[in-house]
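For reference, the chain that follows is the form predicted on its own, supplied as structure tokens.
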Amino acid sequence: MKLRLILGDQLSSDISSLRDVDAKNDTLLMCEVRAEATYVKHHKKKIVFVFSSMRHFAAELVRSELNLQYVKYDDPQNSGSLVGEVARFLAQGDYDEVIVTAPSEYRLSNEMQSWPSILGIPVTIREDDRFLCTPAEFSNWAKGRKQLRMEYFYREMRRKYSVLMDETGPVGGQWNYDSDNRKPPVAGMTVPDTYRAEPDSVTQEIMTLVETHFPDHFGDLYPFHFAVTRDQALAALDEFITRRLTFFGDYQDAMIQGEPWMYHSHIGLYLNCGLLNPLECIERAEAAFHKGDAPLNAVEGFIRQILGWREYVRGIYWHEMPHYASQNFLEAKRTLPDFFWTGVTQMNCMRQCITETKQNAYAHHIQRLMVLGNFCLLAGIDPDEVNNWYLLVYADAYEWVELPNVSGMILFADGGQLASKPYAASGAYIKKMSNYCASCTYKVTVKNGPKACPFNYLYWDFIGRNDAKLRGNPRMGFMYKSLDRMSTEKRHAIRDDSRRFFKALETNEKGR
């Protein structure tokens, strides 16, 4: 008799731990536990999403006539930890083995290594084969390579799964259409809304629970509209394919004030908890291209996010952990500013992205990378604090996807293992790709002084103070040539503006 544990991000009926389930003898166990809900103070909407999705998935398992034991968060007997709940249920039956699909995060995977000795019973951890590249396959691909660049990994994955391929190679003759996917926003754009599900009684019960037990967690609880069932998640995918995919490619980097969703898919949270599987999303997009319903640049860009980037960052995570979590190549030590929690800042781009994150537990990838992340990079914020923030504020965040994106892509904390150069930018980039600057206290066209956009002088301060670390990077040569041509007066102005800004940050002066 087996006790089969299903984790909160394993809400798939074909999960490996259920493959050979004996419906008459085995027991399935799902638990809402404090340890998982509070190891960081997850956004309130994320807790509602995960708990509601778990309960709805549990109901599906029961309808399939499987013997399921489900522990709610406020159950008086709930021990508050996964190992505690497994031990409690083992004591209630004559089990000879615990079976679980491998956790997605290193901390829990590492913890489970001690479970056999704690529980006094064999614990079989099966591979999570919902992903398209196993950690072993990624390590084999990485072996002997000086640089682990996503583009080359992505090409191998395209070949492996025959995605957007014909008899001569990649469809259209190119592997990557990213250069076609950087159009700035256009005045008067009409952006379709995201998918919205009406909370049912199950979700409403959990919303009340979150109000009661997690009042000090970040984020707005209301309104809540995420999909919490597989059918709803499929409807969300279908809505993206039919209403937004056509313009996703052109405007995937664009940002518009008051339009948090833009043309993105908003399905990362469904993929990462198991309500959707990656191949079905890829196949739906590819089919749209072949039917003439969406252009190649949009479809390839969307597929690259799943088949390329998502699989790649997971590969990096398991290939490099646990040391990856402690890297700080640029020796960044500044504390995360208070306005990351409140949204109270004079920088309109930051205010918009933080406020939308607080409201929605979501921001699209350019908001995360080139506004919020760019600020953290330029300001030299401690990677531990930045990783903690990104992990807790987004509904799609788990450490396997968050850590490589933040430490590697955003902060260059890994020294270039993931990205070939730091993704640093001045205010000019934000002005080009958004309409945020028109409503800002600061002036993006002003380079120095109290009215100047802080991104302008912080960019050059970042370049200057990291000279010893970055000058030798071949992709940074142009920046350092520009810095070398600056007059002494200009350099002093950059230094003085940056010092004044950082001093104001430390005192939370006017939210900066």
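If you're wondering where the values come from, they're calculated on a predicted model, not measured in any experiment. Numbers for residues come from their place in the sequence shown, where the first is 1.
Not pictured, yet referred to below: the form predicted together with a small molecule.
The candidate spot formed by Met165, Trp175 and Ile282 is out of contact with the small molecule in the predicted bound form: none of the three has a heavy atom within 4.5 Å.
Put simply, Phe89 is far from the small molecule in the predicted bound form: not one heavy atom of it is within 4.5 Å. Residue contact with the small molecule in the predicted bound form: Tyr390 places a heavy atom within 4.5 Å of it. Residue contact with the small molecule in the predicted bound form: Tyr73 places no heavy atom within 4.5 Å of it. The small molecule in the predicted bound form is approached by Gly268, whose closest heavy atom lies within 4.5 angstroms of it. Picking from 377-385, 218-226, 111-119, 269-277 the stretch near the small molecule in the predicted bound form, with a 4.5 Å limit on heavy atoms, gives 269-277.
A single residue from the set Arg230, His364, Lys431, Lys358 has any heavy atom within 4.5 angstroms of the small molecule in the predicted bound form; that residue is His364.
Asn405 is the sole member of Thr203, Thr101, Thr345, Asn405 with a non-hydrogen atom within 4.5 Å of the small molecule in the predicted bound form.
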